[in-house]
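The data below hold one chain only, encoded as structure tokens and taken in the form predicted alone.
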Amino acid sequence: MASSRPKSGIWKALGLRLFYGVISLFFLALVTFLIDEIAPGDAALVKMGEKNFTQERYEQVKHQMGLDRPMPVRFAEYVGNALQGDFGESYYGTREPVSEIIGSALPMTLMLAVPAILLAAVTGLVFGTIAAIRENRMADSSILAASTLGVTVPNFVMAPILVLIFVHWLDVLPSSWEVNLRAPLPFYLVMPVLIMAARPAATLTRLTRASMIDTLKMEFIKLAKAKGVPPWRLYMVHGLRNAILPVITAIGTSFGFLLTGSFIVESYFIMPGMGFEAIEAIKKGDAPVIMACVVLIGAMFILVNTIVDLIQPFIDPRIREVQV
């Protein structure tokens, strides 16, 4: 009976987190919808084209798009359709369904974001731990200097620097994405992944270092040293396991920001991901694509942070006790 209480507490906390996530997503969709409503421009006129304008045709298109109905009714319909994966049609080109545009762009964004967050997490944990162990020594100072550089240099500055080095000087990587790949796929991902991973890696390094330093000064670490625990076990098992909780939270948040940070990188390297499609939609004023990108990225952000909240109680029993 007692063992079931922690589990029920975890599931209750998870349920609350999902509930708040759904509420957040609802308000995100509402704000996005309202911004589209008050933004200048006429969706019916955009869809039919100014050259084909007649008042009769305009009223017909407006009725087909449901723009002559009250806003609350249209928002409810938008939410209902979105839950079924229907975000409408693009206003431009072949007027492809937005769900198909997102479906073809999302794999590219994930192909960049997932390796980037894995690289950032491993780099942050390794170098942050080394810096904490070698506190106030040469290794610590060097890692802090490099992490400061990683935090301060923005993506749009790092991108041309890497292109200059790897494309123009060394000539070992392609400069941008190509429809017909002339090199193995990883060659096209190296620079975008490095650029996207740089800032979160630097942030996680500094956070891991600070958390490890605090942990290594605790009494149970001193007791473990007195008992003769081997250094690798002292640092990895006793130290890092207790210092890693804030780092895991930061990893989840960083992954969410990587999804939006991909906008600059995908546009620079002409990679057809969600960031690239969102920027192109903003340039053209393609509202259905913009709204779908915002809502979907928000949903992914909430999902990732929910997974982080679910993982934490299994790492630290103290969180389970609080949730009982």
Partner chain sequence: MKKKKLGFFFWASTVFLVILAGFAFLGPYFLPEYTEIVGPKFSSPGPEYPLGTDEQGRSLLARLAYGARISLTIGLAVQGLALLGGILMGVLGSLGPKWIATPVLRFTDAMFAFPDILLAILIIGLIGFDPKAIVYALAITAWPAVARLVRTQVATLKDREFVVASQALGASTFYLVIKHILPHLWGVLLAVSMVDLAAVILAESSLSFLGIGVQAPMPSWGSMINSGRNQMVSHPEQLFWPCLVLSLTIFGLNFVGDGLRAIVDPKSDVR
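A quick note: this is a predicted structure, and the numbers were derived from the prediction, not measured. Positions refer to the first chain, counted from 1.
If you look for the form predicted in complex with the partner chain, you will not find it shown, but the lines that follow are about it.
J.: Since the partner isn't included here, can you check whether the partner chain sits close to all of 164, 256 and 268 in the model of the complex (heavy atom within 4.5 Å for each)?
T.: Yes.
J.: So which of 154, 107, 80, 85 reaches within 4.5 angstroms of the partner chain in the model of the complex, heavy atom to heavy atom?
T.: So the residue touching the partner chain in the model of the complex, by this definition, is 154.
J.: I'd like to check something about residue 168: if you look in the model of the complex, is any of its heavy atoms closer than or equal to 4.5 Å to a heavy atom of the partner chain?
T.: Residue 168: contacts the partner chain in the model of the complex.
J.: May I ask you to check whether residue 67 falls inside a 4.5 Å heavy atom distance of the partner chain in the model of the complex?
T.: No - in the model of the complex, heavy atoms of residue 67 and the partner chain never come within 4.5 Å of each other.
J.: Since only the chain is shown here, I'm wondering whether residue 45 would be in contact with the partner chain in the model of the complex (any heavy atom pair within 4.5 Å).
T.: Answer no; every heavy atom of residue 45 is more than 4.5 Å from the partner chain in the model of the complex.
J.: Is residue 264 close to the partner chain in the model of the complex, meaning a heavy atom pair under 4.5 Å apart or at it?
T.: Answer yes; at least one heavy atom of residue 264 falls within 4.5 Å of the partner chain in the model of the complex.
J.: Looking at the partner chain in the model of the complex, which residues in 13-32 have at least one heavy atom within 4.5 Å of it?
T.: Sequence-ordered list: 20, 24, 27, 28, 31, 32.
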